[in-house]
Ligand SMILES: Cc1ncc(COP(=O)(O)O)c(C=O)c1O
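As a starting point, one isolated chain is supplied in structure tokens, in the form predicted alone.
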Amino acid sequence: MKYPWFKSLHNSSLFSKNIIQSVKNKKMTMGYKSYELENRIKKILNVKYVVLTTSGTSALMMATLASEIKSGDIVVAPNLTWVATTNPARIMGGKFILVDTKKYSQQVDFNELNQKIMKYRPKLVYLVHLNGKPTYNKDFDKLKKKYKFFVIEDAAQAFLSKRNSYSSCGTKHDVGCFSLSITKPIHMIYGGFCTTNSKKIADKLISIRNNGVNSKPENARLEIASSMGLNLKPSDVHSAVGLENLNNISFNKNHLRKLHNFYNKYLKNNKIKFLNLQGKGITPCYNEAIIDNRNNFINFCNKNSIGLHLGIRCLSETNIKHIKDNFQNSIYLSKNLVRLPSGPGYKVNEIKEVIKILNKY
């Protein structure tokens, strides 16, 4: 595929140098590089606690365990999200209420979400910042204060986005969950982390990451487990790659916005409805569009060596149990949305060539 759907930014020589140093340190799991990466992310996001782990999915599992929901507890989530967001709560026996998106938007419909909260009084609510778009609401904040439910922010696609001039996505509520996988603007090949401003929650997350033992990993066998947990400690080799990628954070942020604006300006095909993200602090993870006849478009792109990703699919299309059957807005996106070639590894001239081909569709 000449134009893969995602290109990450690589510096092989620097990656190799950091990886070799990690091996020489002889601390391959949750070592010096991992703790350094946690501290760097803390400063970038201006958050009190960062708990690094093996993936964004692991971060969601840790956060859900930290919420202490029980079988039968009500959980509210957007219908349009990756299954990894809600799988941990399903495993724990949560009873799900799903909420549709706004029309032609990946953002949850807060009017509907807030009504569901008042009706069902959930123990846990997931908010998802798809493609770096902040998802917050003042009325929601009032309901959280009143009913005291736990909120997990799935910010897997929003590491570089701001919710306002001084605060980052994923840092407002109880726990934020982030992905550092290879198809994210900043990656450690495969990894993720949780954020929180609560020491109590941070201690829980650290314990869950370490088989239920709240101590340094090297002392785990000397302590007694005090909670449920798994071995979700990251590799220091991956953390070394993550540290090197953090040095590209300013370039990646500006370059992703530049590529996104380039698509919006020069993609002039009425059959391709480009989803332009508005907002000063938004850094789009991907370049997305709505295609009314997606199968034809996929065939066209395959013939022209353009890679696509079909984006997020709806939870209601899986075997998850739900109450409302008509999720027309999110189902529409699930069946018609595509991710066009994206990523900080793309050069402007390459995207020009992609757009030139797409305009002929």
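The numbering used is simple: start at 1 and walk along the sequence shown. Quick caveat, the model's predicted, so the values are computed rather than measured.
Omitted from view is the form predicted together with the named molecule, to which the following refers.
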- [ ] Using the partner position in the predicted bound form, report whether L130 sits within 4.5 Å of the named molecule, counting heavy atoms only.
- [x] yes
Open item on the list: Please determine whether W82 contacts the named molecule in the predicted bound form, using a 4.5 Å cut-off between heavy atoms.
Closed with: yes
Open item on the list: Under a 4.5 Å heavy atom criterion, is R163 part of the interface with the named molecule in the predicted bound form?
Closed with: no
Open item on the list: Can you work out whether A156 and the named molecule are in contact in the predicted bound form, taking contact to mean some heavy atom pair no more than 4.5 Å apart?
Closed with: yes
- [ ] Look at the stretches 253 to 261, 195 to 203, 166 to 174, 180 to 188 and give the one with heavy atoms within 4.5 Å of the named molecule in the predicted bound form.
- [x] 180 to 188
- [ ] Quick one: name the residues from 44 to 67 with any non-hydrogen atom within 4.5 angstroms of the named molecule in the predicted bound form.
- [x] S55, G56, T57, L60
